[in-house]
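Same chain, two versions here, written out as structure tokens and called structure 1 and structure 2.
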Structure 1
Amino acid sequence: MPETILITGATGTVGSELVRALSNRGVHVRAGVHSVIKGDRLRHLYPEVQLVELDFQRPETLGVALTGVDRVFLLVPFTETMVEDSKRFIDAAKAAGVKQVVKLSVMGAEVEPGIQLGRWHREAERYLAQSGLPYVILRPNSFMQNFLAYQGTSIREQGRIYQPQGEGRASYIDAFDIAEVAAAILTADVARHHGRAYPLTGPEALSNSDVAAIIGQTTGRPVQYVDVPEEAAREGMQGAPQWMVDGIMELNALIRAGHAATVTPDVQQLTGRRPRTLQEFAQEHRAAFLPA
């Protein structure tokens, strides 16, 4: 009988890609969504996928979402309560008899003392490891999709990428590849990957100047990287919670210092194919980088 796999955060960047990756693999996909209404797009694209309401702040939804589930892809949103939310979900998964949890973490979470986001993820990783549940940790680098989500407007309207990252390089990864790795693990024998932590990257480390040049070449219009002073970057996030501002600035500083430039072979080894390049990503999303 096909297994049932629950994907939390199923409408997000990685979650929606994983719904795609698993939908044709002969498993029952259960998509955890904050509200069923928000899952309408998934319902339209993948009518065979079961939508279920899952709200980390409403514990009563966790038991329902986990009923009859064999494996879980655990993606907890970046919020001030993400550690508590993770622990609450892990407890519920254990009570439900889940056979495997694949947790999405962040690259460098194992580094001590690390940055705040890494420490939060590491605490959740440790809790999962101590739960007794079979588990796998995925630690991806920054997503290529961030250039659409956070820089897309300035690229379209001004031909500019604004970041306080100097010429630091990062091995950006396409969320498509993260999903392919997760799908490969979630459909393999549980024992094969148990207890492993995989750092996931794209095929090369790029600076923002490199990214600007690639997007410019793909779109046929000049794109320039502007290195923003740290204080100006903080001012630009006025209105956001202080913990979030501090967390984002720590990530920026990490990239600026060159600590995000590591390239790993894990995507190739786990999926049997090389990870997507930034050129391929830019070409696929070319229209989104062009003025309306």
Structure 2
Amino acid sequence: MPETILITGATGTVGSELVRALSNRGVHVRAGVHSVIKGDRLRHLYPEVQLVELDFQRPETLGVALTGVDRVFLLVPFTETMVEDSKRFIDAAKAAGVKQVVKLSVMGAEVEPGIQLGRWHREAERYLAQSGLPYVILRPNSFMQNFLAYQGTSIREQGRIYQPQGEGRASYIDAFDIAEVAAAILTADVARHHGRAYPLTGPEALSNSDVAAIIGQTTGRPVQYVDVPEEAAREGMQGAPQWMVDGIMELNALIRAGHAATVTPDVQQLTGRRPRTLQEFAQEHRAAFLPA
């Protein structure tokens, strides 16, 4: 009988790529969806995928979502409750007799003391490791998709990227490659990767000036990077909760200091192909970087 793989956060950036990657491999995919309306888009694209309601804040949905599941891709969104949400889910996965949990974490989660986002992921990683469940940890660097999600409007409307990151470089990764790695692990023998933690990056470390130049060349419309002062960056996030503003500013400082520039060979080793470049990403999403 084919295995059933549950994906949490299945409608999000990484989750939706993983639904694609596993569906292409003929696996029986169960997509855990938070909002049913977003799930409808998945249903439309992948009619063979089974949708199940899954809300980390509503424990009664977890047992149902996990019934009959062999393996899990665990993605918990960046929220103030992410540690308790992760622990509750891991307990439920253990109770359901799941054979493997592949947890999405963040690059540098193992660094002590590290930043808040890393510490929260580290606590969840340790809980998973101590649960006795076979597990794998994926620690990706910042996603290329952030340039669409958080900078897309200013790139489209003003031809500008605003960040307080100086000329710090980061080895941005396409969520496509994270999903390809996860799919390779989730369809391999469980023992093969058990207990491993993989740092995942793109093929090159780029500054925002580099990224602006690449998007500009790809779209044929110049893009300029503006290095904004820290205070202005904080003001730009007015309305966001303080824990989130502080967490993002820590991440910005880390990139500015050059601590996000490491390039790792793991995507190539795990998938057999080189990770996508930012140029390829910009080409694929060219229309989304141009004014309507």
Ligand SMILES: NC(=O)c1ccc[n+]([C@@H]2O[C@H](COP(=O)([O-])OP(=O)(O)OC[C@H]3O[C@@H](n4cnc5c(N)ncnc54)[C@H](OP(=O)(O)O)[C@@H]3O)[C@@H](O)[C@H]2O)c1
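Just so we're on the same page, rigid core means the largest C-alpha set that superposes within 1.5 Å between forms. Shifts are known only where both forms have a C-alpha. All residue numbers here follow the sequence of structure 1, with the first residue given the number 1. Values in this document were obtained by computation on a predicted structure and should not be read as measured data.
As for origin, structure 1 is the form predicted on its own and structure 2 is not.
When the two forms are fitted on their rigid core, the residues between structure 1 and structure 2 that move as a run of three or more, each C-alpha shifted by 2 Å or more, fall solely in 35 to 38.
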